[in-house]
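Presented below, as structure tokens, is a lone chain in the form predicted on its own.
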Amino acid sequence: MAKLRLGIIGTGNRGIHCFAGAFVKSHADTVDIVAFADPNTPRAAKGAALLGIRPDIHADAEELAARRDVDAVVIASIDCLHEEHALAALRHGKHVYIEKPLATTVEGCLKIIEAARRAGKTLSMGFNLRHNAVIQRLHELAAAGTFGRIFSVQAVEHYHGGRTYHSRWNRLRACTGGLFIHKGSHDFDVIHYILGPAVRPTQVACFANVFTFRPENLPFETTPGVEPGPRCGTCPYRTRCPDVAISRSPLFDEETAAVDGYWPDQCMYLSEKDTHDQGIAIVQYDNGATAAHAEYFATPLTNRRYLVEGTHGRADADLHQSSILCMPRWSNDRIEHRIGPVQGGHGGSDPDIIRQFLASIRGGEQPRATAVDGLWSVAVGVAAERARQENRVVALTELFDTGSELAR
């Protein structure tokens, strides 16, 4: 069987270390990476050198998408470019894997879904939590009726990555649409996965703000006349700051910064940002179920927990502990599921995502997450961001016709 010829759009850490690295290390016998696309071509070249490969390098994603020797495209560019890059790849008849979110707007998601249907090509969504072993077991238990009819799901994320998320492009809504789209799309999708494909969101409320990462909360005393920041790597207080996070990735250096001025280690207290560092979104579903998703970025903990409440019992799923504690409603039993260790990034999810993407192209295996799944998670994220900004409850019907054929 001929090798699959692959192009990768976006050569940051995710594009290089996760996707390109995995294809090179684990799938070199079936996949050739023939091209990279990134407007920062020195960064793409550094990524290729790290992996010991020699793909053609394009500054323009459209050029890569138009190549006749590319069968499939992985889109790992920043969120606000996903729509443009997906439409280009589908327009040129490529299979597509796209990192979450599908797009940063509902309109963008609908355009991608329509383009994929016209092209007749595989489009796989990058919801790595659907491939997480704990979430898979939780989904199986829910689908088997273990908890009866589920009436509530709470998703709580503590992320010690404030020092990265609020130091990089992720801190800007123009790049992400907002963190309830960029980060929350994972958790909204898990909630939908657990509730089941027939259940759809109808209304969203949200409260969020920048509570910690503000200039007045710098975690050290400054010396008069010595200004902190603007980057961890150049800050005169870098040996004193408990939140210092100097970028040591070879993909980001003086040469790459000379192209676009980007460094991934901006001071998270002083940098411009219009996303939140803590917040909660509340969702109503068409069957009466409710859900809540909380995000906390200024925390010593990194973990995700999902609390499932149903008419026959409840579950407490802990990704950090790789466990699910089930409590039947009418007994004192406590049934604990311990999930064995798995290999690979994101709790073993990344290798399985790549395996399934290749299987969907080669053998027609249905992707675990589709573009329609991507649409619904983005729709809830967009509604949450709007509800936060306008201080009101937002109906999903304000964003699009939720009964349309494209939404099914």
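Everything numeric in this text was worked out from a predicted model, so none of it was measured. Throughout, we count residues from 1 along the sequence that is shown.
Although not depicted, the form predicted in complex with a small molecule is the subject of the following passage.
* Find the only residue in 147, 237, 285, 252 having a heavy atom within 4.5 Å of the small molecule in the predicted complex. => Of the listed residues, the single hit is 252.
* 100, 131, 293, 171 - the one with a heavy atom within 4.5 Å of the small molecule in the predicted complex -> Among 100, 131, 293, 171, a heavy atom within 4.5 Å of the small molecule in the predicted complex occurs only for 100.
* To do: Name the stretch, out of 147 to 155, 191 to 199, 269 to 277, 76 to 84, where some heavy atom lies within 4.5 Å of the small molecule in the predicted complex.
  => Heavy-atom contact with the partner occurs in 76 to 84.
* Asked: Are any of the heavy atoms in residue 262 no more than 4.5 Å from a heavy atom of the small molecule in the predicted complex?
  -> Although the small molecule is absent here, residue 262 would touch it in the predicted complex, with heavy atoms inside 4.5 Å.
* **4.5 Å heavy atom contact, residue 94 and the small molecule in the predicted complex** => No, no contact at 4.5 Å.
* To do: Answer yes if any heavy atom of residue 166 is within 4.5 Å of a heavy atom of the small molecule in the predicted complex; otherwise answer no.
  => Output for residue 166 is no: heavy atoms all beyond 4.5 Å of the small molecule.
* Does residue 380 make contact with the small molecule in the predicted complex, using a 4.5 Å heavy atom cut-off? -> No, no contact at 4.5 Å.
* Would you say all of 32, 67 and 355 touch the small molecule in the predicted complex, counting a heavy atom within 4.5 Å as a touch? -> No: no residue has a heavy atom within 4.5 Å of the partner.
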